[in-house]
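Before any questions on how it binds or moves, here is one chain, the form predicted on its own, in structure tokens.
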């Protein structure tokens, strides 16, 4: 594989703490109701810091960081090729020393990737994300004997079922700023790239167009779809009015600002979230922070009907989060926070008794 020299390395600039400031608890004591009385609860923290090396894997990670290439190990006798190079000696050949060998950045999925929606706090803000194993091609075009674990992404909104499956041809792309870790690279379906992008080595994240929801064509809307979309917009307005009367629902949206565009099979509108309020606009913002795309507006309308009813016992619609997980509601980028905040609102409205029949 051709190599053009050293590529971009770790970004220079202000150092970031391992624990983000947003995760640090604020000082204070609160009261909680326990079965046998009221307890005082103090915010506290316990930290365990550590350093560890990548050891023999360092060569593999330095190649990712400094050269934009993927390194494997091949046995000179049985020709077994492993990627990443997790062994230095071949157990099948009397532990002969394996030789380093660079592989191509194209390959196929070993199986359908796992999609993580509810992640540990360390991955907050990255969800939903997909993780799968990829067989990479050697210089002779044959696949590696082991599959490498890697993040998978899509240029067409959030990761969702149906984009990847066993055997899907993929291309590895490299983050523009790399530190020497597995998150420096990710896989993208070759079907979403141009021939020029597939041929480029290495291909960088900034050279790919992301959030291409414009490719989701809904066709000419019927009169019924247009009316349903109008009802969705009106019910979002009603939801915004109810939120303003509910301290709990206002708290659900507190400290969150977003301009959201909603694309449906019946039309487009927008709403904004700020200062604990939700405001609806007939026209979507030209530069929204988030785009929601759903072909059938009646699914959104069902959620809105359930959200503004006094009892949630007989809800007919799934949560918005469920619609995202199944790929019915598509976001233009991996940001689930807005959706999960909206899903908390209906319960808050009922707890504050602001919804009536």
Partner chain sequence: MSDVAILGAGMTPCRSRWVEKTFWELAQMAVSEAVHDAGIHIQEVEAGVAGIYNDIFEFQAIPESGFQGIIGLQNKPLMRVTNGGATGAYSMLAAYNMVASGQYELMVVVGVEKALDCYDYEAESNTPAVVQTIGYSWDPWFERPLGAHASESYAEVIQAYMDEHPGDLAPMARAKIVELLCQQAQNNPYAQRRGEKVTADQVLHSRYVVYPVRVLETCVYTEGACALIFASPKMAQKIKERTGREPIWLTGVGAANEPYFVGNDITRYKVLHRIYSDYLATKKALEMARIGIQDVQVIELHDAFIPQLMITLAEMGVVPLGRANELVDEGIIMPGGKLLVNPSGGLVFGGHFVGGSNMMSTWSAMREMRARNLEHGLIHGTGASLSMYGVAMVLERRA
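In this text, all values refer to a predicted model and were calculated from it rather than measured experimentally. Positions refer to the first chain, counted from 1.
Another form, the form predicted in complex with the partner chain, is not on view; read the next lines as being about it.
Listed residues 208, 234, 198, 183 were compared with the partner chain in the predicted bound form; 183 is the one with a heavy atom within 4.5 Å. Only one of the listed residues (121, 222, 287, 194) places a non-hydrogen atom within 4.5 angstroms of the partner chain in the predicted bound form, and that residue is 121. In the predicted bound form, at least one heavy atom of residue 78 sits within 4.5 Å of a heavy atom of the partner chain. Among residues of the shown chain, residue 291 is not one whose heavy atoms approach the partner chain to within 4.5 Å in the predicted bound form. Shown alone here, residue 283 lies farther than 4.5 Å from the partner chain in the predicted bound form, counting heavy atoms only. At the 4.5 Å threshold, heavy atoms of residue 296 stay clear of the partner chain in the predicted bound form, well away from it. Here the chain stands alone, but in the predicted bound form its contact with the partner chain, taken as any heavy atom within 4.5 Å, falls in 127-135 among 127-135, 239-247, 200-208, 263-271.
Contact residues in stretch 147-174 (any heavy atom within 4.5 Å of the partner chain, taken in the predicted bound form) are 147, 149, 150, 151, 161, 166.
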